[in-house]
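So this first bit is one chain, no partners, the form predicted alone, shown in structure tokens.
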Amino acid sequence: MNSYVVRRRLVYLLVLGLLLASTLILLSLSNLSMPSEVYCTGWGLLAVMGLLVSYHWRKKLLFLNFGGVRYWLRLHILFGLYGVALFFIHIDFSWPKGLFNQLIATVFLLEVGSGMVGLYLSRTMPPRMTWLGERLLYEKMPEYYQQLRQQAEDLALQAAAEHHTDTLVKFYNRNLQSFLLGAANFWPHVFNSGQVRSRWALKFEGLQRYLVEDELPVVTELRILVFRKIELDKQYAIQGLLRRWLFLHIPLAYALFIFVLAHVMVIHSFSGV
């Protein structure tokens, strides 16, 4: 971690500390009763959630000159942490009573958890992408799989025609055809396991025992295609993971915002505050 990142994170911690200290001082000086303090922190929490949700729209409306997305992301993380602290102040550090309140708290914690997971992934996965070489378009990966499968099939058929043996064709049908059809081994690649590559290396070593010497160059080409497919699977897994966590985080954010808005309206409707 370089010194710039360390300084930046220290600034975040300082700003977060000032925000929390200001909140606690304002609540203390206001000398509010407990219900009024809960209302104030509730409104503050709703405002913070509105700010957090606005980051999603900033990413969609890139043509508007409202500041760089990376600055919005930093604000999103900063106010996300502030929102967590405000939430626990709001519920007085105890599990809320009532089914609807408990539902809101559960969704809130799930939202925070998904955000933390997403933050971790966004910091750890992109560096792994750079190790895999050129970044490929996620939407075009089915085409890349199709190209690799076709090349492997052509190699096996060509070897059978030239050497009058079907060993490579049988190997292709039994092992390669389904493997090259599409993405595979999602979770092993997410956890950066080397087992998939080792397993295929053993398969090719075993295959060579049943081939004549003239077929060995074809095995080398097939091995290169398979290892290229494994690298493609790694990119697919990493890019897929970076996209999939948002399928949970974004809907939860909107659901939470609506629940909290309904919660505030119900409280004010029946409390007379």
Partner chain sequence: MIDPAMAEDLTISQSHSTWQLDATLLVFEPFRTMVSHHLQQRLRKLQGRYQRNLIKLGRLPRVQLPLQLQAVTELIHSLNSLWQDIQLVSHWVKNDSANEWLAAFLGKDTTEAAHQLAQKELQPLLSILLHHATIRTMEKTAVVVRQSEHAGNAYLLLAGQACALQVKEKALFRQRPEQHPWYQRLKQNLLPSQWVERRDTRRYDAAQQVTVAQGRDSYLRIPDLTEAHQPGTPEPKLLETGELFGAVAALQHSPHYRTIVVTSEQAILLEIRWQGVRQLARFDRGFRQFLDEQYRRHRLPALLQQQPILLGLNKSQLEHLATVAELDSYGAMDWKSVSDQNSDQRKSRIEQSEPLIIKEGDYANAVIFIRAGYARKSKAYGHSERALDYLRQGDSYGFQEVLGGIQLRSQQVSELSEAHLPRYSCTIRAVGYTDIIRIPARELEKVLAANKASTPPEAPQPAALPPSQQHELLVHEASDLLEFFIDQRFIYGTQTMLINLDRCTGCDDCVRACASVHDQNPRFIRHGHQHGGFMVANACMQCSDPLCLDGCPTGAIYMNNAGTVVINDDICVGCSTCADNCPFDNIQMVKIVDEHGKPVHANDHQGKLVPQLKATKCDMCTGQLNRPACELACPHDALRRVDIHQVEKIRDWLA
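All of these numbers come straight from a predicted model, not from anything done at the bench. So that the term is clear: the rigid core is the largest set of C-alpha atoms that superpose within 1.5 Å between two forms. Positions refer to the first chain, counted from 1.
This next part talks about the form predicted together with its partner chain, which is not shown.
Handout entry: Candidate site D154, A160 and V196: all three near its partner chain in the model of the complex by heavy atom within 4.5 Å
Key = No, none of D154, A160 and V196 comes within 4.5 Å of its partner chain in the model of the complex.
Exercise for the section: Indicate whether its partner chain has at least one heavy atom within 4.5 Å of a heavy atom of R58 in the model of the complex. Expected result: So R58 counts as contacting its partner chain.
Exercise for the section: State yes or no: in the model of the complex, is some non-hydrogen atom of G133 no more than 4.5 angstroms from a non-hydrogen atom of its partner chain? Expected result: Yes, G133 lies within 4.5 Å of its partner chain in the model of the complex.
Practice task
Give a yes/no on whether I224 approaches its partner chain to within 4.5 Å in the model of the complex, heavy atoms considered.
Solution key: No, I224 is distant from the partner.
Handout entry: Touches its partner chain in the model of the complex: G206 (any heavy atom, 4.5 Å)
Key = Flag for G206 set to no.
Handout entry: Proximity to its partner chain in the model of the complex (heavy atom, within 4.5 Å), stretch among 237 to 245, 22 to 30, 215 to 223, 40 to 48
Key = This holds for exactly one stretch, 237 to 245.
Exercise for the section: Taking 4.5 Å between heavy atoms as the contact cutoff, choose which of A184, L73, V84, L103 touches its partner chain in the model of the complex. Expected result: Going through each option in turn, the one that passes is L73.
Practice task
Any residue of 62 to 96 with a heavy atom within 4.5 Å of its partner chain in the model of the complex counts; write them all down in order.
Solution key: Contacts from 62 to 96: L62, F63, L64, N65, G67, G68, V69, R70, L73, R74.
Practice task
Using a rigid core alignment, state whether the CA of L216 is displaced by 2 Å or more between the shown form and the other one.
Solution key: No, the C-alpha position differs by under 2 Å between the shown form and the other one.
Handout entry: After fitting the core, F204 CA displacement of 2 Å or more between the shown form and the other one
Key = Comparing the forms between the shown form and the other one, which are aligned on their rigid core, F204 does not shift its C-alpha by 2 Å or more.
Handout entry: Exceeds or equals 2 Å, Cα of F66 between the shown form and the other one, core fit
Key = Passes the 2 Å threshold, so yes.
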